[in-house]
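Coming up are structure 1 and structure 2: the same protein chain in two forms, each one given alone as structure tokens.
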Structure 1
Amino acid sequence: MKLSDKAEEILEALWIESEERGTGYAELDRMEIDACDPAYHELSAQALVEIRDGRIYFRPEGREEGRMTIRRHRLAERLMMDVLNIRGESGDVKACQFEHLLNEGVDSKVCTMLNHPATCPHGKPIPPGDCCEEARKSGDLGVVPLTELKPGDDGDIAYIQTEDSKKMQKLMAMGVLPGNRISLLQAFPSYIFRVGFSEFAIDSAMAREIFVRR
């Protein structure tokens, strides 16, 4: 059953207090969400948390749910700041809104696109998912910059990461668009690649801004 947004926010806060700070619980009067909020009853009714003596504790089922909730939040932060270049307070707000959509396997797809990051932009750990373990075992690096490819390698363009609108327009004019196939032909002294039936040469700085799914 899908939890409400507030219930997920409670699980995030509880995870940080009980698991990362090692307290084993969170004080209700220190939680940002009021102790009378129905979201607490929602979590209790699903046997995810236990509330007693002014404190909230994870139940075994709730601990895993909390781990996955904080994972989705921190992946959303990475997506906002690394890919969409939305930073600062605006990035945090957008990440909080977007994280609630990362259910039913969407988080694994985002994690793979981001190349299974270990930490959020603030340096806090992102709990690994099944996709991270599978990638580690298979050696699959997921999405990487074009500079990580070797001549002869190819893949699908995942996204372009640049703040420079002129660079973006130049790359798009070359056919560097998400979903298009790209083949690296040469890596020195400049990067030469093929998209469709055309070949182009760019410098290493621009090549680092093209991310490819191998």
Structure 2
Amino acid sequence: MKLSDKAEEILEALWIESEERGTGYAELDRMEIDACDPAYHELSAQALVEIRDGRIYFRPEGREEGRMTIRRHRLAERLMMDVLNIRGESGDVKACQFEHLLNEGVDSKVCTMLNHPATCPHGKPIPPGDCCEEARKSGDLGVVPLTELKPGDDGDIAYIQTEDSKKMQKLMAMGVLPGNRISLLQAFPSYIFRVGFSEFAIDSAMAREIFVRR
């Protein structure tokens, strides 16, 4: 029962209005997609939404569908920005086209690759999927930036993600090399870590670019 692109967009808009703003419904007149669009019929025919008095409401199955749709949309945004480095408006447009491909388990693959992000690039929450729950239960924290470690934590350096090759060289010359053991000693006001028998201080911008496997 794959929904049309338009139907998915209606679900997203309704999710934001009804669930995130907490109104419980959305005004049909204020929806971006015209009220006489067949997509509304598609949704009510599948018993996902209910339309009465010019307002549109979720049915219980529809709420779950809306939740997953918004999740796919925001995962697509993250993918555009974090991995493909497409930012700004063009990133948003591309994400809107891309989200419809994240069906049938592709979303959890992308989610795992992105290490189960909790928010979209605009800071809105990404509803967790089954893969996120499982990861949390198994304690597999995967690869996290150094900023996620607590003082006293250890880890192995997994990779360095930076666009600045000078910075990369500097970090590598300092001994920040994949495979090396790293211990975080302090996180404020600067990050202090130890590699081998030397200690280093870096700012948070640099700490975000060192990825560590716990």
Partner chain sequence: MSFFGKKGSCHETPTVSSTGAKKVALVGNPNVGKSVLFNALTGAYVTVSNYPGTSVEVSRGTTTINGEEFEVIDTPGMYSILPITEEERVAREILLTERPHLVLHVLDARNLERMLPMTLQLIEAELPVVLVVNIMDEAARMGLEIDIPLLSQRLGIPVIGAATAKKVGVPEIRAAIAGSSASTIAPFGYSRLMETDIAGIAGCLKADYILSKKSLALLLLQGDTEVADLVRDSEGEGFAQVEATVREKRFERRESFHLDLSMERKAIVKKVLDGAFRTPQKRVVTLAERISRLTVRPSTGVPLLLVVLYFGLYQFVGVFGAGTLVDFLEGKGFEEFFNPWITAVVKGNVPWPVIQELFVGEYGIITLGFRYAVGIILPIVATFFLFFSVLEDSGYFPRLALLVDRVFKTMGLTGRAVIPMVLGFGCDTMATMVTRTLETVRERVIATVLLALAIPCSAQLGVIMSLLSKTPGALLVWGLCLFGIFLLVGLLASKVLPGDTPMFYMEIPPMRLPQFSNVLTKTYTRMQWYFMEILPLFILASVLLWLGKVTHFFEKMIEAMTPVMASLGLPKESAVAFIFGFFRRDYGAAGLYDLQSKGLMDARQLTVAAVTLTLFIPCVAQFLIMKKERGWKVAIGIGLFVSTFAFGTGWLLNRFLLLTHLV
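Computed from a prediction, not measured in an experiment: that's the story for all the values here. Reference numbering: structure 1, starting with residue 1. In this text, the rigid core denotes the largest set of C-alpha atoms whose superposition between the two forms falls within 1.5 Å.
Structure 2 is taken from the form predicted in complex with its partner chain, while structure 1 is not. Relative to the superposed rigid core, the position of the CA of D29 differs between the two structures by less than 2 Å.
Relative to the superposed core, F193 undergoes a C-alpha shift of no less than 2 Å between the two structures. With the core held fixed, A13 shows a CA shift below 2 Å between the two structures. Taking the rigid core as reference, the CA displacement of R208 between the two structures comes to 7.5 Å.
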